[in-house]
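Given as structure tokens, the chain that follows is alone and in the form predicted on its own.
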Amino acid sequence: MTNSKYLVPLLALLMLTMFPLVQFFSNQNYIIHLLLYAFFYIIMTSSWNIIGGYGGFISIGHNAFLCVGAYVAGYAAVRYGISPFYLIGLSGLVAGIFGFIVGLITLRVKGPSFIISSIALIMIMRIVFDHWDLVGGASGITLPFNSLPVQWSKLPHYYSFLFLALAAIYLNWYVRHSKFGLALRAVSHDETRSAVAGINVKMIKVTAFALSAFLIGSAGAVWADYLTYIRPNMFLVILIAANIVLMVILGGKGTVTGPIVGTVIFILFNEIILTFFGATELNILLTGLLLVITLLYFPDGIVGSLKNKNILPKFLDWG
């Protein structure tokens, strides 16, 4: 690696870490919200990339793990008065265990059958949570507000999401360069040959699924506290999962920086559209055109296509 490969990411991280200091001089709550929202989706896209990019299983149900993490933290906050920030690890662990169990059931199939099963997961969970009175049913749960002044109220969530985003990116990078990741990519290409070569195909797939669920569940705890109100229809909708998949495809699935690039472009593009055209159906149309045009010229996503052409900037080439 060259110095330039490290320099740009380190400068970007330094700027993101220091940015909230502008609150001492002017109120930038909107930009802070936009940044933490981007971190939030980077956590989900980088985590999803483990099973969807390296494993080749296109899940349209990963927001289920976000819901699990949010409800673990939300219920504990309301029932026992425990801050969701203390439950980030537990929320991730519960989501990871849930992902492991779901993986044992759904990863027996692949292709369209797996996609359908992941959508079915969302539908089943929506019915369960809508009728589960212990966690508020369809009405949901209202969490306590934090006691910080409005100017500083977003900062705990900002830094929590930044930390989790870095953890998700590192996990994505680690899987990409590990023997586990090599085995996972081998399984995605040919399960039969992988099994003959001595790879425990079932355990590799299920472990990858659990890993991809862990940090998404952790993010759910912080997201619940940020929203201060959670209900099933805020999480268990296909649009959230579809956005995750689209962001990764836009940036380049199966790459480390693809999910980051795709997330940033997708969110910025949507913000620009909302600024000029408002929340209209034109937003959906223009977003669809962005994806179509991108995939016409970058069939493997932006990062993947540039890497194939050997013109990917060094600071984005992480393997």
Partner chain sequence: MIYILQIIILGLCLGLVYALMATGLTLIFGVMRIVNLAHPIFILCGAYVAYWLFVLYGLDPILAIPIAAIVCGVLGAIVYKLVFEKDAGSQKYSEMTVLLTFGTAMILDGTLSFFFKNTQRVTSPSYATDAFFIGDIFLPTAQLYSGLVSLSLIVALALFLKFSTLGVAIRATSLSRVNAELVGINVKFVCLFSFILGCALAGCAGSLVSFVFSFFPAKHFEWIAVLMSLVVLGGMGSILGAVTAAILLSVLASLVGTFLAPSWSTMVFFLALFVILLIRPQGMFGKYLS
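All figures in this text were calculated on a predicted structure; none of them were measured in a lab. Residue numbers count along the first chain shown, from 1. Under this definition, the rigid core comprises the largest set of C-alpha atoms superposing within 1.5 Å between the forms.
Below, we turn to the form predicted in complex with its partner chain, even though it does not appear here.
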| item | value |
| --- | --- |
| Among the candidates 31, 289, 268, 274, the residue which, in the predicted complex, approaches its partner chain to within 4.5 Å (heavy atoms) | 289 |
| The unique member of 155, 234, 82, 245 whose heavy atoms fall within 4.5 Å of its partner chain in the predicted complex | 245 |
| Touches its partner chain in the predicted complex: residue 58 (any heavy atom, 4.5 Å) | yes |
| Residue contact check: residue 112 to its partner chain in the predicted complex, 4.5 Å heavy atom | yes |
| 4.5 Å heavy atom contact, residue 249 to its partner chain in the predicted complex | yes |
| Partner proximity in the predicted complex: residue 238 to its partner chain, non-hydrogen atom cutoff 4.5 Å | yes |
| Listed range touching its partner chain, judged in the predicted complex by heavy atoms within 4.5 Å, from 220-228, 72-80, 165-173, 120-128 | 120-128 |
| Large Cα shift (2 Å or above) at residue 268 between this form and the one not shown, core-fitted | no |
| Large Cα move at residue 31 between this form and the one not shown, threshold 2 Å, rigid core | no |
| Core-superposed comparison between this form and the one not shown, residue 18 Cα displacement 2 Å or beyond | no |
| Sense of the change in Cα distance from residue 237 to residue 290 in the predicted complex - at least 3 Å versus the shown form | closer |
| Closer or farther in the predicted complex, the Cα atoms of residue 238 and residue 289, when the shift from this form is 3 Å or more | closer |
